[in-house]
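Okay, here we've got a single chain as structure tokens, the form predicted alone, with questions on binding and movement later.
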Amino acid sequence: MKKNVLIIGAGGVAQVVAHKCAQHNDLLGDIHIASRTVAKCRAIVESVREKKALKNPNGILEAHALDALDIEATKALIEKTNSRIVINVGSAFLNMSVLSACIGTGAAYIDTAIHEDPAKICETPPWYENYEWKRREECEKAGVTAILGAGFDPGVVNAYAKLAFDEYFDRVDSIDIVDINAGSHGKYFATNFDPEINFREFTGQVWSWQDSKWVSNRMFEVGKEWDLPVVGKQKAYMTGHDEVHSLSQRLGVPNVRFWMGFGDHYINVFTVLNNLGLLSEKPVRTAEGLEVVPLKVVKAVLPDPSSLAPDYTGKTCIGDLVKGVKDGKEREVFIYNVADHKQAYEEVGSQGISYTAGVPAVAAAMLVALGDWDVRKMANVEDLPAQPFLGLLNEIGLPTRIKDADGDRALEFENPALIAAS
């Protein structure tokens, strides 16, 4: 059994991960949090202690300063803390460095988003082939478990797709992943994740997988209204996203698309910023001779996403609309979760978007610790059994529901992992 967790990153998602690891430290063991800004790590530690979140109150919970781009320093911290599981919820620019450190130390690796090169935006699909999948053989040779994209989207939605593929259909024709945040943070304009990463998703091409080939569109070019449980009718736009690039290749489904909800105000502000060149990642020189990156300046003046949590209200709805054939008849199911911003803040001090991203990474860590997902090779979530993951999420804060011809109901799972964890 693998024990002791190193969390890399100190933003809103890292705070969720730390709280949830603390709630299960009887299973996960020691908890260490590392980031370039150690003060942020210490604030998370203090938050966990204030909430009395440690299930084992005598368990180790420590903060560390770390530049995770420094592979040797990361290896040294993994070894110093005897961490056998590393949960990487830092910047997407860190992934390959942290993965290298895990391969070098034998620690299991878990992340929640695809790797990005700071100098490149919207690379050739499928994105996973550009970095992660090139290292499959390296992971397997080292016997290192590397679970990619174990957040919500990517992550839980991949498990929803796997569940539908295995249990609800004989043939899957399409998977449409829909992500609606119907909450309000009360700010004039803000992003729910790191603004730099957030905007990079939207300034390049929108890649979707249609009729078994890659199709390119512009951002906000293709939109439609969705009528979803709890959040009701919401406008969402086809957007490029990580899970499209793995589900299309791993499950062999001919149509995989991702839709994200945006209000008119967000679109207007984004369009102005983009048209002015303020979302560019290319350096410019000011009249005073200073070289600045416009996107980093915008990031600096926008609210820190972790600061949004106290005033965030409303709910999210994220799920998979899957269509295909079962027993010779056409069928469609919507498998989904609804999360509440206020409840997330009350439990872990973060808003609902961070909550939905962080909790699944901890569930993945628990399954690695228990052995269910300790596969000693690289895997996307859809490569792994969905039921233990979704069953665990039911228990620790992100319950799954399904809406189909038989109605809208909670999904329950027989989960041997839960028995072992208890």
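Computed from a predicted structure; not experimentally measured. Heads up, when I say rigid core I mean the largest set of C-alphas that superpose within 1.5 Å between the two forms. All residue numbers refer to positions in the sequence shown, first residue = 1.
Missing here is the form predicted in complex with a further copy of the same chain; even so, the following discussion is about that form.
- Of the residues K141, K329, R218, R285, just one reaches a further copy of the same chain in the predicted complex with a heavy atom at 4.5 Å or closer; this is R285.
- A single residue from the set V292, V230, A76, V222 has any heavy atom within 4.5 angstroms of a further copy of the same chain in the predicted complex; that residue is V292.
- Comment: 261 to 269 is the region of 339 to 347, 237 to 245, 261 to 269, 153 to 161 lying near a further copy of the same chain in the predicted complex, near meaning a non-hydrogen atom within 4.5 Å.
- Contact annotation for L278: at least one heavy atom lies within 4.5 Å of a further copy of the same chain in the predicted complex.
- Not displayed here, a further copy of the same chain is kept clear of I197 by more than 4.5 Å at the level of heavy atoms in the predicted complex.
- Proximity of V297 to a further copy of the same chain in the predicted complex falls within the 4.5 Å heavy atom cutoff.
- Shown alone here, A92 lies farther than 4.5 Å from a further copy of the same chain in the predicted complex, counting heavy atoms only.
- No residues of 150 to 167 lie near a further copy of the same chain in the predicted complex, the criterion being any heavy atom within 4.5 Å.
- Put the two forms on the same core and the Cα of P310 is off by less than 2 Å between the shown form and the other one.
- Annotation: Cα of L278 displaced by at least 2 Å between the shown form and the other one, core superposition.
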